[in-house]
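Here we start with a single chain on its own, the form predicted on its own, put down as structure tokens.
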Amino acid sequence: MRGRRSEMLSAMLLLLPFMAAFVLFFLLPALQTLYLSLTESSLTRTSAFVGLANYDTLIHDPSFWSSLGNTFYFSLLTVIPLTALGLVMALLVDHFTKASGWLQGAFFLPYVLPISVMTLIADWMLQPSSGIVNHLLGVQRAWFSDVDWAMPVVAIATVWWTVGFNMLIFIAGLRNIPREQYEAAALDGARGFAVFRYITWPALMPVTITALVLQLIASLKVFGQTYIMTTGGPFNTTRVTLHYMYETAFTQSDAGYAAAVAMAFMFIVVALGLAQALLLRKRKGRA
């Protein structure tokens, strides 16, 4: 019994720093934001308690739903490409063993760039008159001012910038696959795509699920790219939910309503992340 109590005490002491940080930097701010969303407050003062009035306003707010739709559109443009390209890059690094270090460094390099540097590079490449993209395509298009192309261009820049992270996840997954399985498949005459289909892909399924869930959450939380590249334009077609929340709080000084937007969006992100994880695991179980 004493040994068990000692182990429990040691475990509690090890968990204490994390629990303290969790309560101090996540739980308490979340509860404060929840309370703030139930009040009519500005950035400098907390006014009367209004209950669910902010949430009722949010339900009937077309600007919120428009920004949420833009967020989903960005996620649609980035989640699958980022995961698929990360897998392809990991396979290339794993296949070309002699050049794996160079390839891994080249693929991962954009990920270490600050977002300000990435947006400067994208802006330089997409300049209407002197950009290299327009020069190669033989056009003169203002990509960030085009209603149809603004969000896809931001998504493409984001894919180039962050795909290295997913590559590392898949490389770790590939290196955890026992080499004996590939040797046995080679003895049975398996080659090329058959090896990937029956050995590599099933073994990477847990990694793929993790990458998809992480990527969905990251894409839903997009803010910096659209804010710096397009400032939400043209005509609010790239104004995402976090951008709308920022404008509500710091431009309109409506902290109570901004807190309601934050809480509603948090629940949407958590619900979508859990639903995606459950669906992918259910599909994995059927396979």
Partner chain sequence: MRAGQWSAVALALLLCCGGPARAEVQVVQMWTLLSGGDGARMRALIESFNASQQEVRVESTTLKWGEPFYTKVITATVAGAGPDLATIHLSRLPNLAGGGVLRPITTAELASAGLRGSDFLPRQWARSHYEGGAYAVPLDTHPLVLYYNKDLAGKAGLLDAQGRLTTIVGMPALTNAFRAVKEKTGKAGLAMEAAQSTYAIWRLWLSLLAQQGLPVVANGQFAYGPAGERTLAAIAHWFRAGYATAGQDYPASTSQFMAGNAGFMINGVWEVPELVRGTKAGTIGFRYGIAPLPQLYNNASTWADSHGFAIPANAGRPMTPEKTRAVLKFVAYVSTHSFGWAEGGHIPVYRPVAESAAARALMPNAEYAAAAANVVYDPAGWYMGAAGPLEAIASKFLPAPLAGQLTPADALRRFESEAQRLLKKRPPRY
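Numbering follows the first chain given and starts at 1. Owing to the predicted nature of the structure, the values given are computational and were not obtained by experimental measurement.
Only in words, not in the display: the form predicted together with its partner chain, which the text now covers.
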If you check in the predicted complex, is Ile80 within 4.5 Å of its partner chain, heavy atoms only? no
My question is simply whether Ala30 lines the interface with its partner chain in the predicted complex - judged by any non-hydrogen atom within 4.5 Å. no
With the partner left out of view, is Ile228 within 4.5 angstroms of its partner chain in the predicted complex by any non-hydrogen atom? no
Any of the heavy atoms of Phe235 lying within 4.5 Å of its partner chain in the predicted complex? yes
With the partner omitted here, the residue among Thr210, Gln181, Ser145, Asn176 that in the predicted complex has a heavy atom within 4.5 Å of its partner chain is Ser145
Could you work out which of Leu34, Leu52, Leu43, Ile59 is the residue within 4.5 angstroms of its partner chain in the predicted complex, going by heavy atoms? Leu43
Tell me the stretch among 70-78, 146-154, 213-221, 94-102 that has any heavy atom within 4.5 angstroms of its partner chain in the predicted complex. 146-154
Since the partner is left out here, which residues of 232-258 would have a heavy atom within 4.5 Å of its partner chain in the predicted complex? Gly233, Pro234, Phe235, Asn236, Arg239, Tyr244, Tyr246, Glu247, Thr248, Phe250, Thr251, Gln252, Ser253, Asp254, Tyr257
